[in-house]
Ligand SMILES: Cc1cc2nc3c(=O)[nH]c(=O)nc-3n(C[C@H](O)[C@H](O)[C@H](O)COP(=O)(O)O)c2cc1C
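Take a look at this one chain, the form predicted alone, written out in structure tokens.
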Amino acid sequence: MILTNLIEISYKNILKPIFFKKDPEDVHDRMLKVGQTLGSVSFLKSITKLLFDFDHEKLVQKVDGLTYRNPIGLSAGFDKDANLIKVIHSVGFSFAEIGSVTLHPYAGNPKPRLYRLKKDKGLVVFYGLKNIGVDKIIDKIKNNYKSSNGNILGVSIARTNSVEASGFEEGIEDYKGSFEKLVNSDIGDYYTINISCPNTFYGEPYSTPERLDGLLTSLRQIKTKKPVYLKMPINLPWDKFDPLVETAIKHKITGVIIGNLNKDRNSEYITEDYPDDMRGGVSGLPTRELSNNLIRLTYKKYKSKITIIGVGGVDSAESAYEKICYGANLVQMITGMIFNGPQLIGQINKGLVDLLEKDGYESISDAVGSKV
């Protein structure tokens, strides 16, 4: 704990003030390079694990046939091109989601593509599905990743942000092409179909039951025994969100990830002004309540019929535990780590053990849905 506290103090008082004076995308890219270096040198990787990782038997659970050594994962959007797969589990994450991956490479939307909301503890994100394309990512994972018990790798799939894939049927074929390549190559422990990226010029065309039905009908033609999840929008009211969950269950989707960025610029949870020309959705704290409400309602209605992975505003053991108690089997994060430091993952996992013991639970799975 002493080392963890020193890392936290150093990050918040030395590194973070330096980072936050620089362009956020530049900082992100530099951190990816640091992570690649840590993962490429065995000694540095071992030191990273010693400093940041935390394991406890109460945190181990099996979800959809996969064993997770803790419930905390890295959300899609941070490691877009599978640069960190050698080191990401050493930082403390039990699982990490690569991507979102698209059939064709995309250089990304025009800059600026990241903007910090320091007061609201959020990020305005406008990458627009920047990635190197599914073929290169498959090669990277094949050459650099080995599965291990308790450490899980997921791959998020979206459609290419291009004119060629902008039509309804063309978009389905784009999704299908990536999905088929991943399944045939046997890459990843699970797959996520991202229907909710707000940073594309074609919007979110599969976020109605009828259109989602068309997409999932096509994707079901590709057979896989691995879990398949659906990344959900969070700005929909329950009466529009619920039919999407029903459609997912109808097509035997394993679970839903709740959810993506807050795309409502006038949201009550976004109190901080930012430049008019800065487009994109907002991550972090401004997504927390929207996410929690949809997690609670989804669990209340469907319970064990569908797995829930909770995302949005996780920056402490308490905020992660809240999602779990509302019905999330697993929790993902990105922004909380950026604002609080890389030691946060281990702190959350240790804090979860304390909360489980306080509430008298033997396992993290016992707490799932306990507040609903």
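Quick note: we count residues from 1 along the sequence shown, nothing fancier. Please read these numbers as outputs of a predicted model, since none were measured by experiment.
Below, we refer to the form predicted together with this ligand, which is not included among the displayed structures.
Q: In the model of the complex, does Lys80 come within 4.5 Å of this ligand, counting heavy atoms only?
A: Yes - in the model of the complex, heavy atoms of Lys80 and this ligand come within 4.5 Å of each other.
Q: Is there a non-hydrogen atom of Leu84 within 4.5 angstroms of a non-hydrogen atom of this ligand in the model of the complex?
A: Looking in the model of the complex, residue contacts with this ligand do not include Leu84, since no heavy atom lies within 4.5 Å.
Q: If we define contact as a non-hydrogen atom of the residue within 4.5 angstroms of the partner, is Val125 a contact of this ligand in the model of the complex?
A: Taking the distances in the model of the complex, the answer for Val125 is yes, it comes within 4.5 Å of this ligand.
Q: Look up in the model of the complex whether Val60 has a non-hydrogen atom within 4.5 angstroms of this ligand, and give yes or no.
A: Flag for Val60 set to no.
Q: Go through 145 to 153, 125 to 133, 248 to 256, 171 to 179 and give me the stretch that gets within 4.5 Å of this ligand in the model of the complex, heavy atoms only.
A: Comparing against this ligand in the model of the complex, the contact stretch is 125 to 133.
Q: Ok, Ser94, Thr160, Thr298, Ser75: which has a heavy atom sitting within 4.5 Å of this ligand in the model of the complex?
A: Checking each option against this ligand in the model of the complex, the one that comes within 4.5 Å is Ser75.
Q: Have a look at Met333, Leu344, Ala320, Ile309 for me and say which one sits with a heavy atom within 4.5 Å of this ligand in the model of the complex.
A: None of the other options qualify; the answer is Met333.
Q: Where, within 269 to 305, is there a heavy atom within 4.5 Å of this ligand in the model of the complex? Residue list please.
A: Heavy-atom contacts within 4.5 Å come from Ser283, Gly284, Thr287.
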